[in-house]
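Here's a solo chain for you in structure tokens, the form predicted on its own.
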């Protein structure tokens, strides 16, 4: 049966406000003074320059992007409009899940709207990568257990997956349902899906 979760459409936006905010807050301690890596510039080893050099060398582009987004969302004048509003959306998504699980034991959905990207294909388009999380983000936002298993291969040989979601602390349902479907699919495929996938060669796939 189909269930309605009207607030799931807002989950992606809320998640990409809450998650960078928490990353920004949690990673603030990695300042080159107390924890982790320390890079000391030779020309001007001030505290500010040590922090700048350390974070520049120790954090990758995606981490820096999330820190910047989170710092902005938590800044004075924007906290309630962004982070506070996103937390309200989180509550609405949790309520959608609670209502859905009053009607069904587990939920099923595609894991992603597309098959896997080619290696490096979306490196310069982070928004496209974020959008591909649209089906999995509600579970992450609400703290709901979920599991993904291979469901088949697309025409180009790249794998697709199916996602199952269960109520909080009902992880065993996911293992039972996922294991049953996996056994049926492997029986129809004549073995694991991985054996039918094309080999990864020269980074082409």
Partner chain sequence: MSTAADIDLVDYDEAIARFDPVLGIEVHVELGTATKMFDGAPNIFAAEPNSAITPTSLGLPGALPVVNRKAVEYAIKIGLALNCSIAETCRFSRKQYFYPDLSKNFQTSQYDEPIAYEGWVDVELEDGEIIRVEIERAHMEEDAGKNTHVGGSTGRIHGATHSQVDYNRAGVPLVEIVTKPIPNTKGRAPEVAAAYVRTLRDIFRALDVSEAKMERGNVRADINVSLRANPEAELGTRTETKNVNSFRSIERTVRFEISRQAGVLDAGQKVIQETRHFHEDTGGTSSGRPKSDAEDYRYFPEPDLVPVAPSREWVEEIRTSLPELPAARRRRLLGEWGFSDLEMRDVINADALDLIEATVAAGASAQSARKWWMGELARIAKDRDLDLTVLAVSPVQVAELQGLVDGKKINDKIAKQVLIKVLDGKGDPAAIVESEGLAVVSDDSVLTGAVDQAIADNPDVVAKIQSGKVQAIGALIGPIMKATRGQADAGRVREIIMEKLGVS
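Positions refer to the first chain, counted from 1. Note that the coordinates shown come from a computational prediction; the quantities given were computed from them, not determined experimentally.
Unshown form predicted in complex with the partner chain; subsequent notes refer to it.
In summary, among the residues 153, 170, 37, 51, the only one with a non-hydrogen atom within 4.5 Å of the partner chain in the predicted bound form is 51. Listed residues 158, 33, 57, 63 were compared with the partner chain in the predicted bound form; 33 is the one with a heavy atom within 4.5 Å.
With the partner left out here, the partner chain still marks one of 91 to 99, 68 to 76, 111 to 119, 129 to 137 in the predicted bound form; by a 4.5 Å heavy atom cut-off that stretch is 68 to 76.
Contact annotation for residue 22: at least one heavy atom lies within 4.5 Å of the partner chain in the predicted bound form.
For the chain shown alone, residue 83 is a contact residue for the partner chain in the predicted bound form, at least one non-hydrogen atom being within 4.5 angstroms.
Residue 47 belongs to the set of residues with a heavy atom inside 4.5 Å of the partner chain in the predicted bound form.
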